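Given next, in C-alpha cells, is a single chain: the form predicted alone.
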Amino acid sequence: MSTQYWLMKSEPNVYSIDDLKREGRTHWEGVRNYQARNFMRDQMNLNDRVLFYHSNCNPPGIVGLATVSKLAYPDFFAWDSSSPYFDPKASPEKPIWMMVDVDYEAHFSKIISLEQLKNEAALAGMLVAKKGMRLSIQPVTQAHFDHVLEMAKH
C-alpha cells in the first residue's frame, strides 16, 4: 500500500499537538461524522501521514505531523454514557463509530494558518481551504502535503 495523506483537526483546548507529543500516541476518538468515520474505516492505512490541524482557535492552522499507527477499530467511547462522545445508538455489538491511533511525529516551528493555506496558489483545491469545509478528517494530496512541509521550513 502506498502512503496516503490526511489532515486531522482537533481543538487545542480538547487535544493539542503538545498533548500528542507528551503522550506519544493517542486514539483519535470522538469522530461523529459519517464521511470522516468512513475515511478512517475504509481508507486509512498504517504509516499514513497526517497534518495535525488546530481548529476553533485563533488562528486555526496546521501545527505539526502525526502518523497513523493503528487501523480503524470501534470507538468504545460511543457506548460509555459518561463520555462526551456517548451515542446511545452505538454498542459493542453495533459500534457505529470508529477511531484510529496516531503517533506524534513533529511540531512545526510556526503555525501554518488557514489564511496562509487559502492564499497559497499551490494549495488550490485543498479541502481545508474550501468555504464551508468542516470535516474533521480530510484526504490531502501528496503534492499539497509536500508543499505544506516546504512552507513549514520557511
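We number the residues from 1 along the sequence you see. Keep in mind it's a predicted model, so treat the numbers as computed, not measured.
As for the form predicted together with the DNA, it is not shown, yet the points below apply to it.
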Stretch from 102-110, 64-72, 48-56, 119-127 whose residues place a heavy atom within 4.5 Å of the DNA in the predicted complex: 48-56
Selected contact from 90, 44, 98, 114, since only one has a non-hydrogen atom within 4.5 angstroms of the DNA in the predicted complex: 114
4.5 angstroms heavy atom contact with the DNA in the predicted complex for residue 131: yes
Proximity of residue 33 to the DNA in the predicted complex, heavy atoms at 4.5 Å: yes
